[in-house]
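Each of two forms of one protein chain follows alone as structure tokens, named structure 1 and structure 2.
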Structure 1
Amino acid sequence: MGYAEVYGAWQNDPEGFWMDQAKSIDWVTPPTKALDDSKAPLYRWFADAEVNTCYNAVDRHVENGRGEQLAIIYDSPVTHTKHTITYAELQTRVASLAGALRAKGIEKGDRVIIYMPMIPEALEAMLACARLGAIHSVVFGGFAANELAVRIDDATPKAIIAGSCGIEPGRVVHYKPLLDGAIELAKHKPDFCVIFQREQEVAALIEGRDYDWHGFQAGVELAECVPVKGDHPAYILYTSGTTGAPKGVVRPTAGHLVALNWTMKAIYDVDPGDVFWAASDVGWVVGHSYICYAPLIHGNTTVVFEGKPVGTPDAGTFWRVIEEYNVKSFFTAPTAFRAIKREDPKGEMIKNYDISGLRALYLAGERADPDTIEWAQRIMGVPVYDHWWQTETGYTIAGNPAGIEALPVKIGSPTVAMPGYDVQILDEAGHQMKPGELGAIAVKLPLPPGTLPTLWNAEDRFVKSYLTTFPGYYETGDAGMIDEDGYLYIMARTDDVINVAGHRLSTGAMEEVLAGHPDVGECAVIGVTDELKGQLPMGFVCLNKGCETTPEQIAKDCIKRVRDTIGPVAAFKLVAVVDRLPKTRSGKILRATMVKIADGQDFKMPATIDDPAILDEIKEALKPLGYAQC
């Protein structure tokens, strides 16, 4: 069957399609039906089943003869370390950690926050939670203490598992002080913390609250897998929305298992035993789905890479890893390739490696620009597949189903909707638009298994954010079009979310931080185009009357404030101090126009602008920052 037949089979009988896919999962109690629509527009999948994610990702492979196969390859150029873990070893390690967590009171439904760098123990912590039916929430290491505190207060974890430090090129990220600071800031306090001490920094433990990862496991009984209901939350992953309060995306257990397992062959075209590598971070959805869960559920070997595409030690690192471990399918963000291309434009370094075992490159997380795709195609000599998805969905909405049928690549398009997704382009009134017309991208409900059923502790926000603008649809927050061949094009966000080096960030959250500066009267943050990172945040601040601090100092303060409150990952380094902001007569800040000015693009004078002269002031203020050049 080709793509059209598979997509058609799903359209004709979605229930049958997903029940069929469910056969690849080992259930404690198999589902009697796939979809429960009794509470539409809130949907549940495989709700009456009982299952355990860790059993499917680890134990079943040991029982089925894959015990000696590598489950995890850890490659860390930043610490000059490499080691491997077989499925049998992983089973013991995870069961031991789960046993220790259980001995300290962690049970089904309890939340556990994981704050760890790219080390195998991060995956083990996730799997240990899954083993017990505990709900993990991984927090990316590049966030500051305040962001961690916000997540602690929302998820109210019983425990936090953290690494003592992370390693960024040229600096050690001191996780433990960040963790202590976050616990201090948060209203909710965890019962205990487990600290994985790294050689690069041994953290001081707080007596009675903190336990050492190894000591804590000494003498405990190995924990068995605890069955959970199909719609039990597997994890919560916070992502940026319009405001400073992140959205806690809930991932349901059974749908997650079924859908991710399906994607490994259908999209990534790997068979059990093949090596699969996603160069991302466990703190992002790509890391959850494609460093940890999907490859393990499917019986692949996953690579945990602690390094960067360049500088660790050079722009040949990716090629080395692909050669050394015979990676078959490779997934990363376009920004990583832009970084390599900048260092090694002619692709000289790839010639030192044999990457003939690689079948294809997959890109996602941000718009893949044609230059980067063409460059990657040329130097790697393999198909380059862009695919589009979101934290909310957990896997591909539109992609090239290479394991079913490799469709022709149209550069600029992530290809076509995957089975499960009825993707439509809607106008403001919710009417379907014609091929080639630009509109809001929406997905007809129900979303397929594994996608978010709700937001943690925030069902109203879930309904308001995603299900209200277009009744009967999920609003993706992206705008784009579908061409005559059914190929989708993602053009822009319809909200205040920006994408910096494949990281999703909220300009609203940054504005909240700037507004807290005592000298700042008014502010706006926009996303401007950046050659390497796709977008960069840029702040505009207007100072209170009588402010005596210099604009230079204000800019420095603002940069520090965002770094300290949100974290280095915000990459907030551009600030313009201006007298006033361009607004409509009703007082709405003209952010889209400011973006065009900063990017040096032509723009139409907004008909509702209050005072057009302000635009010239903005332009002048941007020139010293190297922007607004025509």
Structure 2
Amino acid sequence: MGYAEVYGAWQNDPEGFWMDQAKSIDWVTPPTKALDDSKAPLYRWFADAEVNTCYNAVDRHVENGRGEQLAIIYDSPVTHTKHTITYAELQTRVASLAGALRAKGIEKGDRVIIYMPMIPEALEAMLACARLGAIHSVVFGGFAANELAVRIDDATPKAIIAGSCGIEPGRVVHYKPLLDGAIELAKHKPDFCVIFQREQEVAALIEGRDYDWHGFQAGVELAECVPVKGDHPAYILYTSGTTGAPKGVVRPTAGHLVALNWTMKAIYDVDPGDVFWAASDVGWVVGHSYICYAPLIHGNTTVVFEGKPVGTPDAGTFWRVIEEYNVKSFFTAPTAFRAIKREDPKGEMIKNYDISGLRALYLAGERADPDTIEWAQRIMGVPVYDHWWQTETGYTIAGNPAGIEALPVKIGSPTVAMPGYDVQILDEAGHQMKPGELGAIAVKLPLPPGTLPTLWNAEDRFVKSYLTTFPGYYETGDAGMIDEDGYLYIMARTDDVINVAGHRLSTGAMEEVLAGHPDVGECAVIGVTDELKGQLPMGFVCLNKGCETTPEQIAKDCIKRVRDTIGPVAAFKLVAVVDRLPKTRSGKILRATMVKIADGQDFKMPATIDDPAILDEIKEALKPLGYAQC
């Protein structure tokens, strides 16, 4: 069957479709029905089943004779370390850690916070929690003490598992002092902490509370897998940029297993045994779904990479990893490719590597501008698929189902809605809009298996945040359109659709125009306050390495490009050339913070910001334009 037939099969019988996919999971008690809608709009999937995530991700592969297959490849250019772990080795390692946690009182339903760098032990900690039915919450390693404390108070963990440090190019990030500070700040205190000591920094342990990772596991009995109900929370993941009360996305166990397993072939087109690489971090949803869980559930080999797209050691590091491990399917954020393109605009470094084993590149996490996609297609010689999803959904809302049928790529579109998602474009009153019209992107309820059923300890906030604006729909918070062929276009966050003298304009469309300039490596457009027109667009551009054109000329060229392409209606006349853009550690540009700086408003330092010093650079760049005066 092609895409249309598969999507049609889901539309005609949603429950039958997902019950059929559930056959690929090993159940303790199989589900008798797919959907429980008794508490709509709070839906549950496979609620009457019993299952264990760790068993499906590890043990069943060993029992099925594939214990010697590699489960994890660890490649850390920042520490000059490489090693591999088979499924059989992973089973022993995870069962040992789970046994030690159990001996210290961790049981089904207890919460455990994981605060670790990109090392295999981070995945082992996640899987050990899943083995016991404990609910993990991974917090990005290096998060500030105050932000970690907020998450400790919300999740109330019985234990915290942490690394002693993280390694960034040229510096060591001291995790243990941040952890100690967070516990001191938090009202809730964990019973104990387990610290994985890295050789780059051995942290001081607090007697009676802290345990060394290896000593903690000495002499313990290996733990078996504990069955949990289908709707039991597998984990809590706090969305990036959380301010005030934290927003803990809950991931339900059974739907998570069924949906992620389905995506590996249908979307990423890999078979069990193939090497799959998601260049992200376990602190983000991509790390949960596609570094840890989905590849292992499906029986793939997953790459755990501790490094950067440039600088560890150079802009060829991605090509080296793809060649060295024969990566079949590669997934990363567009910002990573923009960094590579900016450093190596002509793609010279890829000529030193053989990436012929790679089938496709997948981009997600932010809008993939056409210029970046075209550059990647040109230098890599493989299909480049943009796809769109969110922390809340855990996997693809719209993508190109290459394992079912590789649909024609329309650059600028993540292609079409996946089975489970009825995606619609709505106006402010909730009415469906015509093809090509810009509006709010919403998904008709119920959402499919594996998506968030609620927020942790915040059901009312879940309903208010996602289900109230458009009754009967999930509000994505993104704006876009659907064309005559059913292709979806994500133009901006709803907040990034600006109103210029009564005209609703997409900042994303302007970014596409700027990114097409041959000297522009990266860009962002925000809406700033204007007394006459309400809002005006303002562009920020970073130049490619080796650019010889003056910043003044680049600004003039960019203004002309937008006016020629989008028209005078855009009133585009403000451009700042900057060295870098403020981003989260996952690579998302902090546009809302930039707007506040430009408008002279007070703002809270984003918890997820990669380097706070960039904000001062943005302020300086704005002053010649007459902004950021407050």
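Just so we're on the same page, rigid core means the largest C-alpha set that superposes within 1.5 Å between forms. Residues are numbered by position in structure 1's sequence, first residue being 1. The shown structure was predicted, so the numbers you read here are calculated from the model rather than taken from an experiment.
- The form predicted alone is structure 2, not structure 1.
- After superposition on the rigid core, the Cα atom of Glu484 is displaced by less than 2 Å between structure 1 and structure 2.
- Annotation for Pro606: C-alpha shift of 2 angstroms or more between structure 1 and structure 2, rigid core superposed.
- In the core-superposed comparison between structure 1 and structure 2, Lys560 has its Cα shifted by at least 2 Å.
- Taking the core as reference, the C-alpha deviation of Ile589 between structure 1 and structure 2 is 20.7 Å.
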